[in-house]
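Encoded as structure tokens, the following chain is the form predicted alone, with no partner shown.
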Amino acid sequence: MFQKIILHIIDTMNEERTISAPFHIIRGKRSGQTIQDVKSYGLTKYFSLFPRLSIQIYDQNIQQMIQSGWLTINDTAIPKITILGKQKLKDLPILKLNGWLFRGNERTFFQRLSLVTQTLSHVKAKSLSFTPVQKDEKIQIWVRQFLKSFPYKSDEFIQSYYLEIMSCLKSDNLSDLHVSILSHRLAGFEVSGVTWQQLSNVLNEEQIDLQIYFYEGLHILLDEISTNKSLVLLPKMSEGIKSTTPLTDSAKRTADLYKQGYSFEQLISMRQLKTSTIEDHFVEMALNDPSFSIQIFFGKEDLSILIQQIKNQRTKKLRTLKEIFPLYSYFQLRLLLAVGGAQIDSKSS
């Protein structure tokens, strides 16, 4: 399935990006180009799916797909899906991932969940001496503070926690496979969490595919927690996991200053960043904020006409657009693409 996800990204990009583009999306790279690609091509679900994916593992999968006849790559590193590759894409399930919303933070939630579960399991068994399943000191401190805010040693509290987890795992949106993976990754009193290798052997699935189902399960679980008003404990455990702004942290700082009335030129000086970086931030704003106006970068020109002209080209390749519209800078073209794409998204949602 991991290879089919790469194929889907390549297919969606329609030979307009190099073979490295899917890698940056899956890793969650915060560059202006990757963020624009994620939004413009509608690939938000895959953003930051594997933040620690190595280029070696990625290249191995690419080579396997080439050898299998799923794709080809030309001399300029542009990938193209073959007929066989198109057929393989038909088997890709509709995944309920939302990488753009969680940006890898679902892993933090599971670390909290696993350590709280392990701790309460040992408390119930009256065995308070154990090796924490999570070694991260920040997670340990968070769990300590969380538990101390409740009567966590009482049977009533432990039962409430158990019932909340069980009610979420019974969600119709979670498959039996999701529940199996999530539960087997948890540890407790005299129970060790199952490794990915062990799960792979038992379920006869690739480890990386099981991890995709695992993250999908966490995304579904977190959505269930956010909408289930009867829950008390799990919503507290999921605080700070969802991204509260569609902007990256640096772009958010630039946007806040811009809203205070500072000009583009002033922002370059104040933030002590390259002009290209501030341009990236403005493109992010155009991509994510429907109320953001790019008119100041186009004088008195009619933006609606310009946007339609860009759409008519049916390409997001900047070099091609620059040849067609030589009077506009790459920055201006990126802004037009951003606003045009946002308008398309809003109509289709």
Partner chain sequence: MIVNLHKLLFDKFGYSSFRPGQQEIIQSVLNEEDVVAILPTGMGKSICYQLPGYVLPHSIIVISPLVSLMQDQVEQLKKMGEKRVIAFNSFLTPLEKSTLVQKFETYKFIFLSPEMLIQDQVKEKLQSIPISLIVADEAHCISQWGYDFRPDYLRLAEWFNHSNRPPILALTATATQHVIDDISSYLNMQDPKYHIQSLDRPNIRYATVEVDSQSKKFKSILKQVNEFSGPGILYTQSRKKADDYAQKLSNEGIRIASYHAGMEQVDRMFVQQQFMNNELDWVCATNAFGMGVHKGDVRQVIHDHIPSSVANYAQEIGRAGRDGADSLSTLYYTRDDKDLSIFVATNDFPDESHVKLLDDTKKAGLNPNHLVSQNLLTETQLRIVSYWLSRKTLGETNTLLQKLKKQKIEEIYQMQEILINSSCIRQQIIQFFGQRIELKPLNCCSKCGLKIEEIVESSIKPSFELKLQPWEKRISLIFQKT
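Quick caveat: nothing in here was measured; it's all calculated off a predicted structure. Positions refer to the first chain, counted from 1.
What follows is about the form predicted in complex with its partner chain, which we do not show.
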| query | Does every residue of 14, 24 and 30 put a non-hydrogen atom within 4.5 angstroms of its partner chain in the predicted complex? | reply | no
Answer among 271 to 279, 95 to 103, 184 to 192, 227 to 235 for heavy atoms within 4.5 Å of its partner chain in the predicted complex: the stretch 184 to 192
Although the partner isn't part of this model, could you tell me whether residue 124 comes within 4.5 Å of its partner chain in the predicted complex, counting any heavy atom of the residue?
yes
Q. With a 4.5 Å heavy atom cut-off, would you call residue 150 a contact of its partner chain in the predicted complex?
A. no
Next on the checklist: I'd like to know if residue 82 sits close to its partner chain in the predicted complex, meaning any non-hydrogen atom pair within 4.5 angstroms.
Outcome noted: no
### Task
Classify residue 165 as contacting or not contacting its partner chain in the predicted complex by the rule of any non-hydrogen atom within 4.5 angstroms, answering yes or no.
yes
Answer key: of 248, 108, 243, 134, within 4.5 Å of its partner chain in the predicted complex (heavy atoms) is 134
In sequence order, the residues of 88 to 105 that place a heavy atom within 4.5 Å of its partner chain in the predicted complex are none
